[in-house]
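Presented as structure tokens, the chain that follows is alone, the form predicted alone.
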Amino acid sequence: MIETFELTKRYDDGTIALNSLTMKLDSKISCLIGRNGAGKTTLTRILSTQLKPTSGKAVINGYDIERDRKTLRKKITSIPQEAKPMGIASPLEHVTMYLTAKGMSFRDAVREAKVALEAVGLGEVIDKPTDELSGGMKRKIFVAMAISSNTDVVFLDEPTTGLDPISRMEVWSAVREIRSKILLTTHYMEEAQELCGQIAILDRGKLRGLGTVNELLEPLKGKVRVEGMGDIIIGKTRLSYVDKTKASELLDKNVTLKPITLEDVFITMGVEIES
């Protein structure tokens, strides 16, 4: 379980990345969603003990992130969004080096690395130079690191950013193989709906929503999205929301009707979304 209490981060230039954030996350895969600058990466770095908060408190499985920092670091794995593999090293070498750096013997590290790489579908390219692999395969190397670490909690910061749709789905499949509890950050609504049992919506450092997909969609239950008319303007698109029972009345209009998704939760909250 991850809990934060009035957690705040103010940078030296005055930017407030987190603003008195209080929440509780206890799903197998919990998710932070929000546009760039919402505070997702800052929160992940604080929870993974890489960054100190300005004020407030956070607890992971009963361990305080500041008071119990040394103990906690042995129980978590963090895969940052900027992590990139070394082109000449193979997937096996990457995961083996990671495990030996965490204190595992070389023999055990090789064994565990092979098991993890097989689990994420990289068994056939285990010895290939990484620069010969696809973008999805490269990201799955880091998921294999998370699997092999056998820690209590894994932090994955935007693991599929920049990947094509097929590679993204490959990484989703690999993430599901991780036995640890996961906190995943993303700005892809589809990714959050696909993977996460609990979703926290962040906007400019504040919590705007928290719940399952169905709970977050509940206020829009029975409605459809109408593009081409309405008072909400996103880019050059004018849209609104109407009851499904009235949707048939709009079929002869020059509009597009779409089912409700998490993206619409963002819009109705007034939270800007990624284009």
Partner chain sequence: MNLKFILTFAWFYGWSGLKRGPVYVLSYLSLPLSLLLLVFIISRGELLSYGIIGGMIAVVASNALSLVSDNAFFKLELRMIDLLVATEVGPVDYMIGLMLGDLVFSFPGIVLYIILGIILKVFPLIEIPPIFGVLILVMFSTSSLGIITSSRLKHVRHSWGLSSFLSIVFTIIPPLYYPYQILPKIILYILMATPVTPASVIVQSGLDGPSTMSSVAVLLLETALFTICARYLTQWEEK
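By rigid core we mean the largest C-alpha set that fits within 1.5 Å across both forms. These numbers were taken from a predicted model, which means no experiment stands behind them. Numbering follows the first chain given and starts at 1.
Form predicted in complex with its partner chain: not shown, discussed below.
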{"item": "Which of 90-98, 190-198, 171-179, 115-123 lines the interface with its partner chain in the model of the complex (heavy atom within 4.5 Å)", "value": "90-98"}
{"item": "Non-hydrogen atom within 4.5 Å of its partner chain in the model of the complex for each of Ser48, Leu51 and Ala83", "value": "yes"}
{"item": "Contact assignment for its partner chain in the model of the complex, among Arg69, Lys206, Lys246, Lys28, heavy atom within 4.5 Å", "value": "Arg69"}
{"item": "Option touching its partner chain, based on a heavy atom within 4.5 Å in the model of the complex, out of Ile147, Ile76, Leu202, Leu156", "value": "Ile76"}
{"item": "Touches its partner chain in the model of the complex: Pro165 (any heavy atom, 4.5 Å)", "value": "no"}
{"item": "Touches its partner chain in the model of the complex: Thr161 (any heavy atom, 4.5 Å)", "value": "no"}
{"item": "Distance check, Met137 to its partner chain in the model of the complex, heavy atom within 4.5 Å", "value": "no"}
{"item": "Leu133, heavy atom within 4.5 angstroms of its partner chain in the model of the complex", "value": "no"}
{"item": "Within 94-130, the residues that have a heavy atom no more than 4.5 Å from its partner chain in the model of the complex", "value": "His94, Thr96, Met97, Tyr98, Thr100, Ala101, Lys102, Gly103, Met104, Ser105, Phe106, Asp127, Pro129"}
{"item": "Yes/no, Pro129 Cα shift of 2 Å or more between the shown form and the other one with rigid core fixed", "value": "yes"}
{"item": "Residue shift check between the shown form and the other one, rigid core fit, Leu92 Cα at least 2 Å", "value": "yes"}
